[in-house]
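This document opens with one chain alone, in C-alpha cells, the form predicted on its own.
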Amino acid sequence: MEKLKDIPPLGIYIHVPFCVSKCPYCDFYSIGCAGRSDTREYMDRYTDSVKRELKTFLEKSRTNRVDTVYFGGGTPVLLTDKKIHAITDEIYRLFSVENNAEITMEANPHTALSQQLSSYRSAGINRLSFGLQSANDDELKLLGRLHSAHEAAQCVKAAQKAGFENISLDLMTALPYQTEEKLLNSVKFCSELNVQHISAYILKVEEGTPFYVNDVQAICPDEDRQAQLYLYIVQALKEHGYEQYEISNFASNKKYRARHNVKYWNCDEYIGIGPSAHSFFNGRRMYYPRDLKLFIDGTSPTDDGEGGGWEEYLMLRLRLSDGLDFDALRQLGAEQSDIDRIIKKAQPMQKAGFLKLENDNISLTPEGFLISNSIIAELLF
C-alpha cells in the first residue's frame, strides 16, 4: 500500500479571472471589470466557489500535502487582499502546507499595489510575479499596459521593502519594431532591480484577440527576426547573471527557479481551480470550462484523459534545459527500442546544434528551444 509520505506533495493553481480591462494580446480567460456593477457579487461568489472546490479535490486526493500555490489570472490582486486571505486560510485549514512552500501571486506593477503588499505577505504570499512586459514606455503603450517603467520600478522596490525576497518580472520579445537595444534596456532594468527571476516570452498573436483582429501580426518580426531577438535576450540575460532553465524562464540561482511551474514540466500532479484552470490529478488530466458562471454554479471539471506517460513526460521535460534522463523514460514504460529510436533521430539534430546527447541524457539548446515543437514531434513519431 502506498504510504502518504511516499506520495509527492501537490501544487495548487488558483485562476482568478478578473481584470480591469483585457490587454489586446491576451488569450487567457478573464473578464474586464471596468464599469461593471456586479463585480463585487461575482468576486464573493467566486471566492466561495474556490473554497468549495478545494474541499472537493481534497476528498478525492491521495495526499493532503502541498508545497506550491500559485494565484494566476487575470489579475489576482483585483480580488482584494481580504479574499486572497480567505482562500489561503482555507488552503492552510484543509491541506498540510509545507514550511518551505512557494506561494506565488501574479500582479500588475502599478503604484496602488504598494499599499497592499504587507497584507499579501501576511496571507502567506512569498513570491510575486509582476507582468512588466517591457521597460520601454512606447512598448508598454503598444501592449495596452496601464503602468509605466518608472511605476513598475517603484512597485518592485516597495515589494522588496515589504520583505519579498523572491520576485519575478515578465518580458516580451518579438514585439513590433523591437530592437536589440530595447531588449537590452529591459534586461538591464530587471537586473538593476536585483530581481531573482525573469520570464521572457515571444509574443504570439492569438486568434480572437484585438491584436489578431487588428492584424498586428503584419507588423511583427518575421520568424527569422523572432529567432534573432530570442537568442539575443537569452545571451543578454546570461551576461547579467540569469541562468536559462526553461524555454522562457531564467533564474539568478537554482533556488529561485519557479517551483510551481517546474511541476508542469516534471509531470508532477497539481490541482487547478477556477474557470479554464487545468489539473493533473490522480493520474488524469482535467479542466474547467472557460466560463465563470458555470464555475460558480458548480460545474465539474471535464475529464481530458490519462496523463503522465513516457511520451508526455518527454514532451514536457524537454522544455527544461536540464532535459531528461532515459532512465526516467524506462521507469515510465518506454522500451529500449523506443530509446534507441529517439537516439538515432537525435544524432543529426545534435550535429546541427539543436540538442545535446550525453550521459544517457537529452536536452535542447537555445537554438533547439526555438523549434522545440518540431524536434519533439520528430523524436516521438
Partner chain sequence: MSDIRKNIRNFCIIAHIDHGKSTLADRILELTSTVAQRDMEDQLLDNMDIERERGITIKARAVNLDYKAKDGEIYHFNLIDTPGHVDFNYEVSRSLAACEGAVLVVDASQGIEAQTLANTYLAVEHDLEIVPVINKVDLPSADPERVCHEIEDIIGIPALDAPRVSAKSGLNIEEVLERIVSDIPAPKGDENAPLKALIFDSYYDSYKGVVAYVRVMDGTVKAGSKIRMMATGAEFTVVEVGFMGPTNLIPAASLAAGQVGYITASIKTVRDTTVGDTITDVDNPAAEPLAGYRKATPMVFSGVYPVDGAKYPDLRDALEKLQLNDASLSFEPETSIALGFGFRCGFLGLLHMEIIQERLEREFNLDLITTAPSVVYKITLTNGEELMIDNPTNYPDPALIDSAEEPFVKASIMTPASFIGNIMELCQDRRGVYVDTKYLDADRVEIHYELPLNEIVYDFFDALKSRTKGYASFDYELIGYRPSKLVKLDILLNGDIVDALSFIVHADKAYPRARKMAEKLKENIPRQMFEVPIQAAIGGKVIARETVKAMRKDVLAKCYGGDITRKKKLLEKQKEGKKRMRQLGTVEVPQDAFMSVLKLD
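Numbering follows the first chain given and starts at 1. Keep in mind it's a predicted model, so treat the numbers as computed, not measured.
Quick note: we don't show the form predicted together with the partner chain, though the next part is all about it.
*Asks:* Could you tell me which one of D338, D322, D325, E312 places a heavy atom within 4.5 Å of the partner chain in the predicted complex?
*Replies:* Checking each option against the partner chain in the predicted complex, the one that comes within 4.5 Å is E312.
*Asks:* Under a 4.5 angstroms heavy atom criterion, identify the one residue in Q244, Q196, N261, S134 near the partner chain in the predicted complex.
*Replies:* Exactly one residue meets the criterion: N261.
*Asks:* Any chance W265, S372 and A377 all have a heavy atom within 4.5 Å of the partner chain in the predicted complex?
*Replies:* Yes, all three are in contact.
*Asks:* Counting only non-hydrogen atoms, which stretch in 342-350, 44-52, 326-334, 60-68 is within 4.5 Å of the partner chain in the predicted complex?
*Replies:* Of the options given, it is 342-350.
*Asks:* Does I31 make contact with the partner chain in the predicted complex, using a 4.5 Å heavy atom cut-off?
*Replies:* Taking the distances in the predicted complex, the answer for I31 is no, it never comes within 4.5 Å of the partner chain.
*Asks:* Would L231 count as touching the partner chain in the predicted complex under a 4.5 Å heavy atom rule?
*Replies:* Yes, L231 is a contact residue.
*Asks:* Any chance Y201 has a heavy atom within 4.5 Å of the partner chain in the predicted complex?
*Replies:* Contact with the partner chain, yes.
*Asks:* Examine Y287 and determine whether its closest non-hydrogen atom to the partner chain in the predicted complex is within 4.5 angstroms.
*Replies:* Result yes; Y287 sits at the interface with the partner chain in the predicted complex.
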